[in-house]
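Only one chain is given next, in structure tokens, and it is the form predicted alone.
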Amino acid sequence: MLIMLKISTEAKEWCALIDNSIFIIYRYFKRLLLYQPPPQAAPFILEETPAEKPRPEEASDPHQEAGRAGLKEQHYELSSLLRQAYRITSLMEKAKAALTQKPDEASRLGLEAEFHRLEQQQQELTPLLLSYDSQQDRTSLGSAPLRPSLEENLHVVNRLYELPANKDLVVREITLPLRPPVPAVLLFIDGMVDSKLLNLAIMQPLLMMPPPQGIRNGTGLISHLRKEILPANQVVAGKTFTDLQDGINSGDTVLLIDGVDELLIIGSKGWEHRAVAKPTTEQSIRGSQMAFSENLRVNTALIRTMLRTSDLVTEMIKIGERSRVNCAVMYVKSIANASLVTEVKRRIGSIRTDYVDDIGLLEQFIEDHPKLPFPQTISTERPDRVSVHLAEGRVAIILEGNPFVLVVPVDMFALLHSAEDFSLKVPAGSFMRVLRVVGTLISTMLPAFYIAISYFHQEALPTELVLAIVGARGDVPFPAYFEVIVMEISFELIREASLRIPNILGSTIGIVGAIILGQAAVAAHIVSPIMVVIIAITGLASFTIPEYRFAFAVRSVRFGLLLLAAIAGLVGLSSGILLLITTLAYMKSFGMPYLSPISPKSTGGLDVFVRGAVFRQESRPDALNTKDPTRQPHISRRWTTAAPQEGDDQP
């Protein structure tokens, strides 16, 4: 019996083992041959939009497209008619309730006003207008005029701002205490308005104002609110949805009133911005210590505090199709050339792009030669420097949200001037300018000149110097131009790295990197000591150029001259310099020659290479062709022409 049980147990184990093996093989082949869904969700793939990849079956069937467009139009028309039907039903219920009771004067006036607004809405719901509105896209809808019906205006606002998905736009419904009361809406973006100003200067006056007497039409109500109710310093009326979007997107509050086809844009800007601070890239010891910020109005006010004249004009131009940014054009009306002002406004106004958020992008849109590395505008963060150029007859361009201001037109020599020049006496200021010119020449040509002399014209150097150079380069296996390229690239890497890392470590990394790399390269016989000295002098000379963009252009030219010098020696270097001068002579900045006043020859006003005495700078730069070329009379220090008189000390 026990033996039978043992055999039976072993048989069951063998059967189970065989059974498991068969099913394991079966499941293996099943997974191998049959489709199995992926264990995880399919990864996200950014596919092309329907506009980029049209579906051929749909594009080839114009009847389906026409059918969808027709359904869309009918949906829009029916929605508009339903909204009016609801209002009519509500009015009839109110009228029925008033008739069952004894209607008072206020109820009668309210029903009469509501009936009048329904009549206005009925005029907008003609089939022709409904069909036109339903076919408008987002762009054309934004430029449409306002409707008298508040409900229809809010429907358009919902389409423009993607409400209710968009949570930034606040729609605050209020009731104006008129006789009868009128519904209205305040629209603003949360975070861009001053909440205290909004509560005290906008909502409180609107909700607590006494009912005006004898005002029944919309124009009279808008004028009454602007002149007698709203205490805000900026209240502007508008008639289109473009005005509505400009006001809301600029941080203002927009007021829409039922039955009125106009709106009010009430100034309530209050977003956080940086305070006025010291300049970071144009520091000065004796000059002003104020710099521009990201707030446009603060920047224009800073310029006006420096240049206090009623002739200073500030014109506003909107830039961008989707994000409309304010751009201010400032000039002195009695000095600046009218054609120059017109050309600046024409170039800015003709920009067609989605948005421009940086002053560097704006510069590329309006400059004459965008493919050349040389800057054709002055970019500064100092209000005093902008004021000086405005007084000379130039035009300033300020973009909202940027702490730098462009000044046009400009010549090459103005890019070597700094704000400190005007605060120093003539000898010191002139010496600094000459030093910058020498630094610019060294930064441009020194490595190329070394390559040309050491390879092609050794006879131009003293014998002792040639022997010293040969001795220093005896252990270096590479040619001199390879040393220059290695050192230049290393220098640029250190410069770029010091700019990208935090300020605390930036200068340390630059100094340590230069010293360690230089010593290591000399010890490893990759470069010679004389090459380290040449690259170090070139780098220091490039730092004397006050304009960062001009310094970058000089570095670009240096590489080109280096290549020409390595190919043809001094002949190649001379050819490169000749080509450079020809290019600079060809360039113009807003119609003014780039090498003015040297080529073509004109009067520079004692403020080109060196500075003349301030009392001798009697005329403005001739190349600007200003309306008033005289800056001051021939004798500006009149106290030198006459002795003190009796009574001069009296106030």
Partner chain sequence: MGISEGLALVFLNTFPRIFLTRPAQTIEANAGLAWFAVALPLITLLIPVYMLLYVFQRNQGDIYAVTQQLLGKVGARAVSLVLITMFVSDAALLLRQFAENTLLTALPFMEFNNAISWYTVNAVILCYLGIECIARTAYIILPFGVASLGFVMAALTPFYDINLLGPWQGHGFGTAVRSGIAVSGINFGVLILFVLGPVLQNLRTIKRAAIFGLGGSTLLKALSIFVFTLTFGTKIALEKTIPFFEMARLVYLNRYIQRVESLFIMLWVIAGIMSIAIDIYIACYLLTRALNLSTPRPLIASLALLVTGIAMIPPDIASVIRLDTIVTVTLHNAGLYGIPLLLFAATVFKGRKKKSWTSA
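Residue numbers count along the first chain shown, from 1. Computed from a prediction, not measured in an experiment: that's the story for all the values here.
Unshown form predicted in complex with its partner chain; subsequent notes refer to it.
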property: Contact flag, residue 616 vs its partner chain in the predicted complex, heavy atom cut 4.5 Å; result: no
property: Its partner chain contact at residue 457 in the predicted complex, heavy atom, 4.5 Å; result: yes
property: Its partner chain contact at residue 581 in the predicted complex, heavy atom, 4.5 Å; result: yes
property: Contact flag, residue 36 vs its partner chain in the predicted complex, heavy atom cut 4.5 Å; result: no
property: Full three-residue contact with its partner chain in the predicted complex, heavy atom 4.5 Å, for 564, 567 and 571; result: yes
property: Candidate stretches 571-579, 298-306, 225-233, 152-160 - the one whose heavy atoms come within 4.5 Å of its partner chain in the predicted complex; result: 571-579
property: In the predicted complex, the one of 453, 414, 356, 551 near its partner chain [non-hydrogen atom within 4.5 angstroms]; result: 453
property: Residues in 584-599 with any heavy atom within 4.5 Å of its partner chain in the predicted complex; result: 585, 586, 588, 593, 595, 598, 599
